[in-house]
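The chain that follows stands alone, in the form predicted alone, written as structure tokens.
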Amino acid sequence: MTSKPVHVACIMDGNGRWARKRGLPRTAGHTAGEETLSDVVRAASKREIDYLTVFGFSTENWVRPRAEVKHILGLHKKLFGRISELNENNIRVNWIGRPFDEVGSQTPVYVQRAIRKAIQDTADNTGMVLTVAFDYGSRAELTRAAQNLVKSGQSLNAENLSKYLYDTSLPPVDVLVRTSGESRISNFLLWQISNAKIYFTDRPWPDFDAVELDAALALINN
């Protein structure tokens, strides 16, 4: 580990393929993926990772079949509702995505409430920061940042642009994990991963485990 804060980001891909391989509906894959996320959060916390950011739901995911979207939304409500477990592990919940009150935001009110409650109920924790990117797209984030920078009248440079990202407290990503054999970054944290190592694995997200997490962490100091 390095002395500076360690930031791991995950693109949790392959839930549907995991389910299809087992003859199960896609929703079963998403359910398994949510359980894996809980396991990975605990493992990351034990390894004293400072920041874990996961791609929960993208701005492009709303076009998926309605039943699948509804199931995923329910799983996110459940995730944000694991307050006792999060507090037991001293984990602070964070969120990035299109602001709820801005044009284009599609986050349902019940998910908004779950997000706000999780953030409030874990605010005093001092351990790992778990950031869930929900209704998130990096192009949308950067477009919004550029628009707000122009409105501010400040000079157009990288330092000033970074002030208008969704969450300026997040440090640069050290290692980006992408599961399920996909070797792309899918509009995720394009600004924040500029110098990150990338760990690609053929395992679908429901099969990702602490051994794979350690392999990704090993890239940081290589």
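Residues carry their position along the shown sequence, with the first being 1. As the structure is a computational prediction, the values presented were derived from the model and not from experiment.
Although it is not shown, the form predicted together with farnesyl diphosphate is what the next lines describe.
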item: Farnesyl diphosphate in the predicted complex: contacting segment from 166 to 174, 24 to 32, 188 to 196, 41 to 49, heavy atom within 4.5 Å; value: 24 to 32
item: The single option of A114, V129, L75, A145 touching farnesyl diphosphate in the predicted complex, heavy atom within 4.5 Å; value: L75
item: Distance check, L79 to farnesyl diphosphate in the predicted complex, heavy atom within 4.5 Å; value: yes
item: Any non-hydrogen atom of S162 within 4.5 angstroms of farnesyl diphosphate in the predicted complex; value: no
item: 4.5 Å heavy atom contact, Q154 and farnesyl diphosphate in the predicted complex; value: no
item: Exercise: K70 in contact with farnesyl diphosphate in the predicted complex, heavy atom 4.5 Å; value: no
item: Sequence-ordered residues of 10 to 26 touching farnesyl diphosphate in the predicted complex, heavy atom within 4.5 Å; value: M12, D13, G14, N15, G16, R17, R26
